[in-house]
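Quick setup: one chain, the form predicted on its own, written in C-alpha cells, and binding and motion questions come after.
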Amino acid sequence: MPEEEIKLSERKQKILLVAVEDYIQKASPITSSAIQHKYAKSLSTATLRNELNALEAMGYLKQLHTSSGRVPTSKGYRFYVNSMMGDIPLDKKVLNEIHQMFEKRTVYLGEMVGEIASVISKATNYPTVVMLKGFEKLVIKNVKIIPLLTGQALILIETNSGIISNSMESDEKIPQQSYIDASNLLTKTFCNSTVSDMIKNMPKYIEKMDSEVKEFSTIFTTVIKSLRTLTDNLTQKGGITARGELKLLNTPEYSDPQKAKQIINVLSNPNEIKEVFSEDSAEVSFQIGSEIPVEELKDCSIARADYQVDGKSIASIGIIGPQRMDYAKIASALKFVVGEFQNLKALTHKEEKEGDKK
C-alpha cells in the first residue's frame, strides 16, 4: 500500500470506505450527516466535517461546488478498490446466469465470446468487452469431421482451451468412413500443434500425400478453407466483441447521449481497446481514471481479467463504466467467470484421463 495511504488513521480509512460505498450505491454527494447516520453516530457532525475536510485535502474526496457535498476522486476509488480486493464476496444471485451458461458445456469459442460478453453485461449492468488473444496459438488435441444430411460437414477441433467448431462443404460422393479416417489422420498428424501451424502446414502436407490417401486431399483442402474463414470471423475487429454499450445511458454520469457516445465510439475502435488490454492480467484488476491509457476513458473505470491457459492469455474480459461502479459486484463477476473457465478446463482434462484408462 502506498506510503500516503498508510498515514490514514483507522477512523479516516473507515469514513472514506463508508463514504465511497455510499456514493456508489446512491450517486448522491457525501455529507457529514449521512456518514454519521451510517457509521459514526457517536461522532459529532463537526468532527466528521473535519475528517472529510482532511480527506479532501489529501485528495481522496472533492467538492463539485462550494456549497455541495463531496464525491470520491480517482484516488479515493483506488483506495476503496485496494481495500476491497483482499476479500471479494461472490454474489451467487447475480452470477447464477453465468454459471448456467458454463453448465451447458457450450465451449465452442466462436459462440462463447459473444455469450460471455452479453451475460456479464447483463449481470453487472455495464458494457462488457471480450478480446480474443492468441486464438491461433491454441494447441490441438483432437480433430473430428462429421458429415451432415444438409450437404455440409461439422468440424470439431478440441484444443487446450475448449472446442473450435465450424461447418464446411461436404461431397456426397465421399463415403462417411473417409471422413472418419481423415479425422484420425488429422489428429495423428497435428496433435500438439497449434491451430496456426495446422493452417500453415496443411497445404505442404497435402502435396506430400501418398497416392493411397489422395482421396483425403479434397477433405483437407476444404478443412483449411473453413478454418481460415473461422479465424477471420473470430479475429474480425481485432477479435473484439462488445455488448451492452447502451447500458451507459442508464447511469447518471452518462445520461447525456453525447457523453455516452464518446465512450461507445471507443468500444468500437479496436486499436484503442487493444491499448487498454495491452498487458496480460491473470488476476482481477482495475484501472481508474488517469490510469487508463485512452484519453476518452479518463473519467471511467475498467475492471478486467484474462482467461489463461498454460500461463498464456487466451481472452481478456473487461467491464467499462463510471468511476462510481460497483467494484465488489464486478470483481465478483470477473473472478467467477475466470474460475468457471478453469473448472471447465479441469473437467475436460479429467474426462481425457478417464478415457485413456478405458
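Don't overthink the numbering: it's just position in the shown sequence, from 1. The structure displayed is predicted, hence computed values, not measured ones.
Just so it is clear, the following notes concern the form predicted together with the DNA, a form of the same protein that is not shown.
Checking Ser332, Ser316, Gln323, Ser32 for any heavy atom within 4.5 Å of the DNA in the predicted bound form turns up a single hit: Ser32.
Highlighted residues Leu138, Pro203 and Lys225: none comes within 4.5 Å of the DNA in the predicted bound form, counting any heavy atom.
Residue contact check for Lys14: none of its heavy atoms lie within 4.5 Å of the DNA in the predicted bound form. Within this chain, Ala57 is remote from the site of the DNA in the predicted bound form, having no heavy atom within 4.5 Å. Contact between Arg304 and the DNA in the predicted bound form is not found at the 4.5 Å heavy atom cutoff. The DNA is not drawn, but in the predicted bound form it has no heavy atom within 4.5 Å of Lys312. Partner contact region in the predicted bound form: 45-53, out of 45-53, 288-296, 304-312, 324-332, criterion any non-hydrogen atom within 4.5 Å of the DNA.
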